[in-house]
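Read the single chain below, which is given as structure tokens and is the form predicted on its own.
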């Protein structure tokens, strides 16, 4: 997949970013990471790429990194439904505004390929299963910000001929996610390994589609390679629906924890179900998820165990 020019990964020291950087570097790609290091950790990618420390939404930071660049993978973002409800304006700046600034910097630098990390939260509460043809109805500022980013990718593709594509991530889990305290898998795994009870918000009947980060990185690679997809949106998930209670029970079983489960009040802005149709990604990108939940949880638990030692 080696290109004529480096790939810029914004947020590349974060969870998905660190996994992607390792994968791209192993494939022989030259990678430049732009990350403000608020949550990402430089040591996760040390020796794999050049790291530019700064805000991906700042043209003075991103502009120089884009010189000679062949593609941008834009992962930098405010994350999580709950934080966006607590501070909508912070989410707006770190989510939608940063995406527009990154798109504009890429346009000015003559970059043709731009891959944007969106989320199933952009769709919100709609008829199941989720797919690209559903009319979005976001329930949180985070979802609204991701939807705005998708719209700007489509606009930059139509107006400027940029191959900008949006990938709607389902609930991603895997190595390098220790800081993702609002995500169920790292939260459950961390507490289980400490012998603490797992906290479920609500009765545990809410369902999600949990996808391993390696499958997400594989889809990003396909989006970097596939021609003629500017302005397109793709749902990325496993197609398997799992309740939060089922996830918690599985984590307890795989870690051997007997700490049990405690329930907290349900949080606002979260959808009840997530069932995803990934047929478009399979048809257009030639991508399919490969890693089962049990297999992925085992590798994630192993990584968390090593990170604690």
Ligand SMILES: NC(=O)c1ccc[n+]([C@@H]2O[C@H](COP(=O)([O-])OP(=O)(O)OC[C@H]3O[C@@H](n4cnc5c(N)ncnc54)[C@H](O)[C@@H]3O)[C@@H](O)[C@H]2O)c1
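Source: prediction; values computed, not measured. Numbering follows the first chain given and starts at 1.
Note that the form predicted in complex with the named molecule isn't included here; everything after this is about it.
**Student:** Please tell me which of 180, 191, 208, 212 lies within 4.5 Å of the named molecule in the model of the complex, judged by heavy atoms.
**Tutor:** Here the answer is residue option 180.
**Student:** Would you mind picking the one in 270, 36, 246, 277 that has a heavy atom within 4.5 Å of the named molecule in the model of the complex?
**Tutor:** Checked against the cut-off, the match is 36.
**Student:** Are any of the heavy atoms in residue 172 no more than 4.5 Å from a heavy atom of the named molecule in the model of the complex?
**Tutor:** Heavy-atom contact with the named molecule at 4.5 Å: present for residue 172.
**Student:** Answer yes if any heavy atom of residue 54 is within 4.5 Å of a heavy atom of the named molecule in the model of the complex; otherwise answer no.
**Tutor:** Yes - in the model of the complex, heavy atoms of residue 54 and the named molecule come within 4.5 Å of each other.
**Student:** Is there a heavy atom of residue 223 lying 4.5 Å or less from a heavy atom of the named molecule in the model of the complex?
**Tutor:** Contact with the named molecule, no.
**Student:** I'd like to check something about residue 157: if you look in the model of the complex, is any of its heavy atoms closer than or equal to 4.5 Å to a heavy atom of the named molecule?
**Tutor:** No - in the model of the complex, heavy atoms of residue 157 and the named molecule never come within 4.5 Å of each other.
**Student:** In terms of non-hydrogen atoms within 4.5 angstroms, which of the given stretches 199-207, 227-235, 112-120, 133-141 touches the named molecule in the model of the complex?
**Tutor:** Going through the listed ranges, the match is 112-120.
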